[in-house]
Each structure stands twice: as C-alpha cells, then as structure tokens.
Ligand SMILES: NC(=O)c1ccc[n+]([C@@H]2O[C@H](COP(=O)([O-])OP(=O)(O)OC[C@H]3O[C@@H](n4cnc5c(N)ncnc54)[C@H](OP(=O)(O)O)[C@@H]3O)[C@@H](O)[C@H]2O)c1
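This document opens with one chain alone, in structure tokens, the form predicted on its own.
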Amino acid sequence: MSADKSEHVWFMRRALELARGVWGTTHPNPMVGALVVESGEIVAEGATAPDGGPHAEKAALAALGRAPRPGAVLYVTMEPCCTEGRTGACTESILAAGISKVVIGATDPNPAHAGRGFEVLRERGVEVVTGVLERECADLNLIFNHWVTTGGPLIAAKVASTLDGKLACRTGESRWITNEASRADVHRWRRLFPAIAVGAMTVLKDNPRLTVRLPGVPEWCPWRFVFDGLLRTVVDKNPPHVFTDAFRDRTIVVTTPHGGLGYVRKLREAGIKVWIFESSNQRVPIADFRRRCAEERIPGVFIEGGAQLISELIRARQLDYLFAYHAPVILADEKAKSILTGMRPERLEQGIRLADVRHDMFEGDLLMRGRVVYPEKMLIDESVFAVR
C-alpha cells in the first residue's frame, strides 16, 4: 500500500465498524459504512439502512446536518452508486454536498455501477482514492457480491470436524466437537444470512432451533429451510422445534411429490410453508431450489447440515462457499463419520478447492472459509448417492 493510502486506513477501519454494525439487516443491499472527516476529525457517520432506506453516504451527510467545510473528506467502504434506484444516486448527493475528496474501499460489483461511480465523481472534479482496505471491504458483502453478479443466492455450508475430518464418533456422539467460541461465531454468521437450511436427518437427530441467539440481543429467526424429500420429519409424537415454536411461520419445508399430499396439508395447516419440487426420486433438485430462492428474493442460504445434504450440494456443483471449523482433536478411526463423502478423485487436481481463503482462530479452533472451486472433471461414487 502506498504512503497516501496508508494514511487513510484508520478512518476506513472505522467505516468498516459502522458497516458491521448493520450486520445482516440490509438485504438485498450491501452493508456499507461512511463517515465525514474535517481537519482530521470525524464529524459525522452513517451506515446502510434496511432495504428502501438511505444508503450510508446519504446517512452520514444527513447526520452532519450542515454543509461540509472546505476540504472535508468522505470515507465509504464501497463505491457510491451512480444510478437513481429508489433512493437516488449517492454520487449526486456527494456532489450536491460539495465534498471535494472521497476515499473508497471496494469497487461495487454491480455491473450497473462497477467503476462508473469513480468516473462520475472524477469528471466533476472530485478527488477519488480507491482500494483502501479493499480486501476487507469486499469480504464484508459476500452475499451481495454473489447476488448482484449472478442473480441468484449464495449457497454456503458450515461443517465442524476434528483435524482428521470427522464430525462424529462411530457411536454417533458429536457434542461438542468445536468449542463455545466457535459456536458463537456460527451464530454471528447465521445473523448475516437471511436463510438457514438443514436436512431431515439433522432435524430428527438434533432437533435444532435454527435461530440466532447472541448475547444482549433478542432471539432472531431467519427463514428456516428443512430439506425433506420424503417428509420424514412430519411426526405426530414430539414434532420438532421448527414446526412448533413461535417462529414456525418462518419455516419452509422443501420436498418432492414423493412425500405425500396428506403430510403437505398437515404442515400447511400448522402454519408451515412447503415448497414442492418435481423429482424422479426423493432428492430435492438443488438447481430448482436455487431458482426459487432467486424468485423469492432470498439472496443467501446457510446450510448447517447434515453431511449427506452438503455432499449432495457438492455433487451437483451447487455449493458456492464453505465455512470449515476444525477442532484440535483427532479420532483416528476409519469408522467415525466423515464430514463429506461421495467423491473418488484419482489425482489431486481432481479435488475440490477453496479460493479467496480467510482464517480465524477461536480459542484453539480454526475456521477456514472460502469460495468453492470445482475441478473440470469430478469423479463421483454413485453408490453413496443411491436412493435408499
């Protein structure tokens, strides 16, 4: 980083803090932080409001409550938009305010904007500095970046395993592989995603709540998807939390016609939504599920298990991003359950890799996360995915 850019890092870090302060509340818009600096002092701050509200730049300028003084600098984590939309172009608000210098983190990946906001400001005489903490600013909006460039949801998965890739002992015992700090971080990521998903066996075995429980804030519930092609989770005795709790209207069962219309009626009468996808077998076609999420404007889905569902996503090349938590534990047992199955690569280049990798430590546990990159040719063990 050049000396000119390094002097802006401190202010950009504060803008990132502001953006993280609206974590998970701005979908389908990105989380953006902005601040106005005069004579080296922050005089106003803002962050993106929920969908339909003002963008961060406008919020910061409004918070100032007056015209910026000569030489004022606007810091913003993402390139200001330059199209009207519902709230008007941020570039026009910046120009109208008389800001003479703008320091920006990441380029807006939206094809309607990408780089054009820089041009609009420069053409009108505004000094524009770009790329300050660019990697951190871009990483903040994983879901938006994918949504705006592909038109579909970011489908991500979370796995938690031992160092040798096991998620449970041979007895099935698995609580807890990772520590409390890692589990708290999972809740933080849950709050980012507008939807969480699990497979039927995870519901039957673990009966998860699939809500966000963070210290000091009320329990929050995203959309909760249950993948259940045969509607095995529809039981009369001790129905799962996701079908009976106060958030049951946020539960969507994803199934096939093989589950039976009687069970579908039962779910709907209980206030549970049901998405039915045509399928020649009991498995939900993931590509069709992705398209339905796009139609419903659900820009991101966080898959939390089980291993079979995530393995099927990989087999179908439908997993976009992976969060892999590793605990400093070794089972060294070939009969212990592995986190992922179904592939049989014969060479290393046939393996699935992660790109744009990030690492975090949680009291000894390691999180490795990144974008899933598939090999040109995948060798699949079809016996693992045979319908039983």
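As the structure is a prediction and not an experimental result, all values here were calculated from the model. Counting begins at 1, following the sequence as shown.
From this point on, the text means the form predicted in complex with the ligand, which you will not see here.
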Site check I104, C137 and D360: each within 4.5 Å of the ligand in the predicted bound form by heavy atom: no
Which one, 158-166, 119-127, 237-245, 263-271, holds residues whose non-hydrogen atoms are within 4.5 Å of the ligand in the predicted bound form? 158-166
Picking from G259, G199, P153, P222, the single residue whose non-hydrogen atoms come within 4.5 angstroms of the ligand in the predicted bound form is G199
So the ligand isn't shown here. In the predicted bound form, which residue out of L192, I252, I99, I286 has a non-hydrogen atom within 4.5 Å of it? I286
Taking heavy atoms and a 4.5 Å cut-off, does H187 contact the ligand in the predicted bound form? no
Test of understanding: in the predicted bound form, would E92 fall inside 4.5 Å of the ligand by heavy atoms? no
Taking the ligand as it sits in the predicted bound form, is I352 in contact with it (heavy atom to heavy atom, 4.5 Å or less)? no
Determine whether any heavy atom of G306 comes within 4.5 Å of a heavy atom of the ligand in the predicted bound form, and answer yes or no. yes
Heavy atom within 4.5 Å of the ligand in the predicted bound form - qualifying residues of 227-241: F227, D228, G229, L230, R232
